[in-house]
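Take a look at this single chain, the form predicted alone, given in C-alpha cells.
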Amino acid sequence: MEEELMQIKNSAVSMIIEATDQKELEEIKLQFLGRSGKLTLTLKEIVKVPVERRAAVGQLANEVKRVIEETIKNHESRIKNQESKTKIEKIDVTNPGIKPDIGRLHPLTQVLYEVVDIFKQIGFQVADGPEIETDHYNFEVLNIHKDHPARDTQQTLYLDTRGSKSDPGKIILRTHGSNMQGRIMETTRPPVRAIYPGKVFRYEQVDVSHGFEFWQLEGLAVDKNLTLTDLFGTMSYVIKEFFGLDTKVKFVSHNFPFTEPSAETYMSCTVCKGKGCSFCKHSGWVEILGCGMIHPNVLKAVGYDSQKVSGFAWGMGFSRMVTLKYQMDDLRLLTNPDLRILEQF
C-alpha cells in the first residue's frame, strides 16, 4: 500500500508540473482526487490493511493528498500569471473604429477671430495689454480723476499691495480695456488705428446680461480731420458686417469722461428679433458699445496736440457680442464648463 501511494504521488506531481493550461490541470485533479480518482480509490482500500499498520498508512495517504493539492495550487497560480503576461488582445479589424473627440475653439475665441478680421480689413492693428493695471492708466490718463463718479459706477477691484513698493489703491484689476489708450498713444505717433480685446473686471451683480469678469473689445483711431461721422460709419460697418446687413443700429447721446461728444450704440436684439425678451429687457434693443470722440484732455495727457489731430474711441461688450451672435439668452453660458454647451459650437 505504501509503495502504491508513493507511485501515485510521484505520477501526479510529474503530470501537474508538465501541465500547460488550466483545463489540463483540472483533468489531472479529477484523475487523482475526483470521486473515481486513483488516490480516492486507494484510500478506500485502507480498511483492508492490518490494524497495526493502518495508522501509518493513513498518515502517508493524507500526506500524499496534501502534496498533490499544494502542487496543483502552486502550478495553477504560475499558469495564471503566465497567461496574464502572454495574453494578446484580439482585435476584430472589421469593426468600425472609435471616433476620437475633436477639440474645438471656444465660441468666444471663434467670434474674436472673426471680429478681428473685420477690423483688419479696414486698417486696424491688434494690441494687447495687462489685466493688472495701475490707477494712472485705468483712470487718470482717461480724464477720470480721483473724485469722479465713474470710479463708483465701475466698482473697481483693488489688489492688496501690502509688502510691495506700490501705494495702497494704485494697483487694480482693469475695469475696461480703455487702459490701453494711454499706453498705445504714449508710444505711437499719429496716425493710429488699433483694437485691443481682453478681459475686464468689475464688482457687478451677476445676471443674464452682466458678469464680474467679461470680455471687451476696445479701440481707437487718431489722425487729422477725423469726425463723429467717421466714428458712426466705422461702428455701423463693423456691426452690420458681423451680424448681417439687415441689423438695425442706433446711436444715443451719452456721457463718458474720456470722450466728448459721447454716444451709446444699440442694435436690434438677435435673440428675439426685436420683439422683446429677458436679454434685451423686453425693449427689442441691446446696448452693444459705448463710443465718442477722444476728449482733448486725454490727447493732451499722452502728448498729442488736440489742435492738429482728433480721434475716436469705443468699447464693445465683447461677451455680449458672442451671446447675440449665437442667440444665447444668458451671458453665464460662456463660462459654464458643461461640455454639452461647448460642443454645440
Partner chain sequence: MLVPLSWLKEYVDITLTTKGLGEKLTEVGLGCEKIIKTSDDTIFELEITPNRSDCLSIIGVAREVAAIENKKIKLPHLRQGFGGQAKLRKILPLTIKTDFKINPRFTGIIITGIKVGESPKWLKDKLVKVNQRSINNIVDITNYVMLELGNPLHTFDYNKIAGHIMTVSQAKGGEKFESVDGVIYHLPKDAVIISDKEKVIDLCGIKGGKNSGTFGETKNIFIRVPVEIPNLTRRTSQTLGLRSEASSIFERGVNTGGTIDTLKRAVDLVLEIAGGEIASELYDIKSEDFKPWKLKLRIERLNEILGIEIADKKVLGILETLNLSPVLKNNIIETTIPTYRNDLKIEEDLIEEVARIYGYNNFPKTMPIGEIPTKQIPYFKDYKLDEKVKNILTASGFSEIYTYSLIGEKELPQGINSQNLLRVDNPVSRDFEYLRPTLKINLIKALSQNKSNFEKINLFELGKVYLGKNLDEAKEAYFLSGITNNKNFFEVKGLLEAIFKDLGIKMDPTKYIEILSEGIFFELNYSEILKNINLNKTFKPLPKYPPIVEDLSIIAGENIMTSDLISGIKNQSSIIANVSLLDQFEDSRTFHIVYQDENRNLTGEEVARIRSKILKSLQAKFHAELKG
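Rigid core here is just the name for the largest C-alpha set that superposes within 1.5 Å across the two forms. Residue numbers count along the first chain shown, from 1. Since the structure is predicted, the reported quantities are computational estimates derived from the model, not experimental observations.
FYI, the form predicted together with the partner chain isn't displayed, but the following is about it.
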Using a 4.5 Å heavy atom cut-off, which residue among Thr134, Asn255, Gln82, Thr247 comes into contact with the partner chain in the predicted bound form? Asn255
Tell me, which of Met328, Val13, Ala19, Leu334 has a heavy atom within 4.5 angstroms of the partner chain in the predicted bound form? Leu334
Location of the partner chain contact in the predicted bound form, chosen stretch of 59-67, 305-313, 25-33, 43-51 [non-hydrogen atom, 4.5 Å]: 305-313
Under a 4.5 Å heavy atom criterion, is Ile98 part of the interface with the partner chain in the predicted bound form? no
Evaluate Thr156 for contact with the partner chain in the predicted bound form, applying a 4.5 angstroms cut-off between non-hydrogen atoms, and reply yes or no. yes
Met6: heavy atom within 4.5 Å of the partner chain in the predicted bound form? no
Do Cys277 and the partner chain share at least one heavy atom pair within 4.5 Å in the predicted bound form? no
Which residues within 126-149 place at least one heavy atom within 4.5 Å of the partner chain in the predicted bound form? Val126, Ala127, Asp128, Gly129, Pro130, Glu131, Ile132, Lys146, Asp147, His148, Pro149
Flag for Gly274, CA shift 2 Å or larger between this form and the one not shown after aligning core: yes
